[in-house]
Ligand SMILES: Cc1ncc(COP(=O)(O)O)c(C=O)c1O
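Take a look at this single chain in structure tokens; it is the form predicted alone.
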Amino acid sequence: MKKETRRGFIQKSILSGAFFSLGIPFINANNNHESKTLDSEFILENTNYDRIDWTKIREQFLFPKDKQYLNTASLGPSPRMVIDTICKTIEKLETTCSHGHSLTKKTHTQIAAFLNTSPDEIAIIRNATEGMNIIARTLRLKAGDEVIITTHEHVGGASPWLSLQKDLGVVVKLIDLDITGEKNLQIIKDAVTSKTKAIAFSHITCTNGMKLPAKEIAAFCKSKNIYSCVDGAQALGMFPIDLTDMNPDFYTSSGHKWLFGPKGTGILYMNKKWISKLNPVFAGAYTDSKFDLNSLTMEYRASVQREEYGTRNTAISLGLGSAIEFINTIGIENVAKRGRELANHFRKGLSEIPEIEILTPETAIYSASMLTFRIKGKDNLKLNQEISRAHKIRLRGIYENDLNAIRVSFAVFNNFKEIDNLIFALKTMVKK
């Protein structure tokens, strides 16, 4: 389609109201609101796992039915009810000329219930990267203090600590992990010295989808007076998380991956024992419980929500709450079981291809809804691009830690046929 033709098509679509199907309110020249929004409710007739209608769940997502998207670990598309919540909230707040800050109280409560913790221990932030930056700076580490991170960290989880190394002289100690998952707790324990002040690690690694024993690591950190800082970007929404049981010092995650929430949302958890002992890095409106400029008085709120300073995007915050409602409608246990079934089906198919090496642990203790593999002797990053071009299957090449591999994510909108298509594509590739 030529540029002029495309422009004409877009103009005609807008004038004819075709864009209403996206759930975006159209405001005409007379400011009369004509809106055809998406369904605000999502209901399953049966949440018994064996009777769940996964096809109906797939229908809640807007991307084309023939698109084979297996990359939720990078970016999870949002379902209809999340998009509808955002659009309706924007229209309402712009109509009333309000920021709607108080409306986010419901979302804090939803997140806290989802993670089995208190709303005062939860802040809504932009993403896991921002969360890890807040954590790193909140600790007020100094030159010579040691922080342990792993070679499997995402750039967003590692950069805040490397930044402390550059700015303050904090020592970042890098450790490699056992990809079977079995020795990782001991590897972390063995790396600790008298100078270790914090251990930052992924609940699920972005590289090979390996689950680390977060509860055991947090308990070990507590016994050594070391901060436990968990990157949950690949965990939130994938399987049940109980922060009261895990009891870390900090936990951060993005809303835009497995939770299918709005882009630009995330969560930060701070254990209540630290709220009164650690000061926030930034401050502004809503940070304080008491403020008087004339007397130069400011007292911090006894809540992690002090990190939500200034005017925020209320619409996407409420969209995050809507994403949790979506997951709760299916049931997080059902979500986890579906992801594991799809991953196991894929693993079985890969086992029939001798040229393929699987880099993700097989046991449920150390893995979940992601699987990373590589074809021996191949440039798998280029291979990933070829799979996308030739078979229209979206995966993610893994360059981190020099793995030269391909990662597959299995979400609630995926099905067994898509996996069989991928297995067929891989069998074709290995013969070339």
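The numbering used is simple: start at 1 and walk along the sequence shown. Because the structure is predicted, anything quoted here is derived from the model rather than measured.
As for the form predicted in complex with the ligand, it is not shown, yet the points below apply to it.
For the marked spot (A73, A128 and Q234), a heavy atom within 4.5 Å of the ligand in the model of the complex is present in each of the three residues.
Interface residue remark: S78 is not counted as part of the site for the ligand in the model of the complex, having no heavy atom within 4.5 Å. In the model of the complex, the ligand lies farther than 4.5 Å from every heavy atom of R137. Remark: K337 does not count among the residues lining the ligand in the model of the complex, judged by a heavy atom distance of 4.5 Å or less. Using a 4.5 Å cutoff between non-hydrogen atoms, K272 does not count as a contact of the ligand in the model of the complex. The listed set T85, N184, S317, S202 contains one residue whose heavy atoms approach the ligand in the model of the complex to within 4.5 Å, identified as S202. Of the residues H101, R301, K215, H154, just one reaches the ligand in the model of the complex with a heavy atom at 4.5 Å or closer; this is H154.
Contact with the ligand in the model of the complex, defined as any heavy atom within 4.5 Å, is confined among 167-175, 216-224, 340-348, 254-262 to 254-262.
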